[in-house]
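Only one chain is included here, represented as structure tokens and corresponding to the form predicted on its own.
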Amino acid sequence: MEKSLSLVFAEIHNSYPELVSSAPGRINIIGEHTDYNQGYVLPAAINLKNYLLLSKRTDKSVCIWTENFKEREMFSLQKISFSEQNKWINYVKGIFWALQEEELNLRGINGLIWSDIPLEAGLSSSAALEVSIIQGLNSLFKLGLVPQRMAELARKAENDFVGVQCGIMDQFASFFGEKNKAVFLDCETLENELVPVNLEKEDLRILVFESGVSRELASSDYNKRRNESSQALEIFKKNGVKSYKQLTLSLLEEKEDEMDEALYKRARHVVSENGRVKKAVEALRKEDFRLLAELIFRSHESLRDDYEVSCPELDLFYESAREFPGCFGARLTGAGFGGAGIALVKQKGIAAFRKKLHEEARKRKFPSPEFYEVKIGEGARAYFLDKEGKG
């Protein structure tokens, strides 16, 4: 695959690439909307990746070709500005911008991007793009950045340049994921632990459900939820609670009458979801997939009722999964308001589960869903190529 991309690179740029950088998308087993609330998450890297082939230029220009969209973009490092026309290039520009903010010495590059991560499917294609770029630049220009710092800078690019107020979960999982392991991450301290995910014990597969309902991460609804959860925490900070990890459901209930209903519900989701993540880690350690299933189902209920980020199509996914005997948990994943869901399904039941969802979507005149079966894979990698663009 890299060989064929090297040939495309040569056709576009009239030279061979010097380096290939790759970064995976991610699934999030549980822990939704807790990352930017400095809580606990349990993501895993997947086997679908974003690839970046690149070589140095002698000037300050960046010339990028995306093989997926068959588009070329060019910009100068001396004037990096947000693009209203092609949104994908802003993730590239954002990384260069963040590195220059660190006063790191960069030159221009020629690059080629290709990804097999489905867009708008809740698999964090944007973070994979960011991580592949910063990993590639770090290796090509010998910047000396460690993975955690690169994850932080990639998040900075998305927050402050692209304008999406995400947490660090996606970028962190893309760097630190390992095959058949989830990353138990404290998003406040960045303390983390790899937790084995032995799906083979129950012959389970990871199925991603793409609802067909588009959603825009930078939308006002997403940022509104972030602001609401932040406002709710401020109420408790007056009582000495520093973070959601210190807030308990009992303390929250004591203050219910003093809070706006929406803020109370947002806080209840974050507190309960943090608890579900910790219980899910224990369930995986004990290989108790029935407990894990119940935690995942409850996560969706909380996202639907308390955080209010679901939609009828994702609720149909959850309801169908609840009734399906071969499903070990299902919920919406990602920002919500459309997009995707994730389910753990017995391999022998996947075809029947997909058929059931197609039939139910058709009955309700919902968009026809798409499905992706993914595996838990490795984190970001980069390696140099020879003069003919071969590994």
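The shown structure was predicted, so the numbers you read here are calculated from the model rather than taken from an experiment. A residue's number is simply how far along the shown sequence it sits, counting from 1.
Although it is not shown, the form predicted in complex with a small molecule is what the next lines describe.
Counting only non-hydrogen atoms, choose the one of 356-364, 334-342, 319-327, 55-63 that falls within 4.5 Å of the small molecule in the model of the complex.
The contacting stretch here is 334-342.
Under a 4.5 Å heavy atom criterion, is F175 part of the interface with the small molecule in the model of the complex?
Heavy-atom contact with the small molecule at 4.5 Å: absent for F175.
Does the small molecule come within 4.5 Å of any heavy atom of Y222 in the model of the complex?
Yes, Y222 lies within 4.5 Å of the small molecule in the model of the complex.
Evaluate A182 for contact with the small molecule in the model of the complex, applying a 4.5 angstroms cut-off between non-hydrogen atoms, and reply yes or no.
Looking in the model of the complex, residue contacts with the small molecule do not include A182, since no heavy atom lies within 4.5 Å.
Mark C166 yes when one of its heavy atoms lies within 4.5 Å of a heavy atom of the small molecule in the model of the complex, and no otherwise.
So C166 counts as contacting the small molecule.
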